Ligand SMILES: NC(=O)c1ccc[n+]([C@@H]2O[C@H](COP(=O)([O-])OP(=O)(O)OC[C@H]3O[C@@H](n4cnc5c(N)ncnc54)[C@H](O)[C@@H]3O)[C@@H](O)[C@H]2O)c1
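Given as structure tokens, the chain that follows is alone and in the form predicted alone.
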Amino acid sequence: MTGKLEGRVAFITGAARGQGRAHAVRLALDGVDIIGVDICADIPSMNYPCGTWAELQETADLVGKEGRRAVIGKADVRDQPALRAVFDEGYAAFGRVDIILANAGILRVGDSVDPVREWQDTIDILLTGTFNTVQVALPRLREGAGAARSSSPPRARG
């Protein structure tokens, strides 16, 4: 049985664990291949560890168990060139992107030693990271949308 999104490709940030991993595995169950990225390093202003390379590899393994492929890489969403490098590797492997899931995020729990640094890191990851994710992938997503529009007949609505 094929999934309802069979043959699609998703670009997911924060894919090493938590919601990012859950999105990757669920989409794989529906037939989606994954381009997954995570920072795989700790952020000094946060009081908990970030996802690791081993966890990102585990996400890729879980995607594989659903019969789908995953291209994974390390990148900080605040670093657009590094994010683009991971995206480009995945795009080269799959030749398309259909879903952009800007999932990477942080939120400090408890007292802060440096609230200004914490605030800036949070804003940079949540907002700038989302902006960078979309900037990197949207042009390729639009290319695919145009190709899909021109190659398929219009669907009736009703």
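On a predicted model such as this, the values are computed, not experimentally measured, just so you know. Don't overthink the numbering: it's just position in the shown sequence, from 1.
Note that the form predicted in complex with the ligand isn't included here; everything after this is about it.
- Think of it this way: in the predicted complex, the ligand has a heavy atom of just one of 97, 70, 27, 39 within 4.5 Å, and the residue is 39.
- Within 4.5 Å of the ligand in the predicted complex, a heavy atom is found for not a single one of 57, 86 and 91.
- Although the partner is absent here, residue 103 sits close enough that one of its heavy atoms falls within 4.5 Å of the ligand in the predicted complex.
- Contact check for residue 50: a non-hydrogen atom falls within 4.5 Å of the ligand in the predicted complex.
- Contact check for residue 18: a heavy atom falls within 4.5 Å of the ligand in the predicted complex.
- By the criterion of a heavy atom within 4.5 Å, residue 43 is counted among the residues contacting the ligand in the predicted complex.
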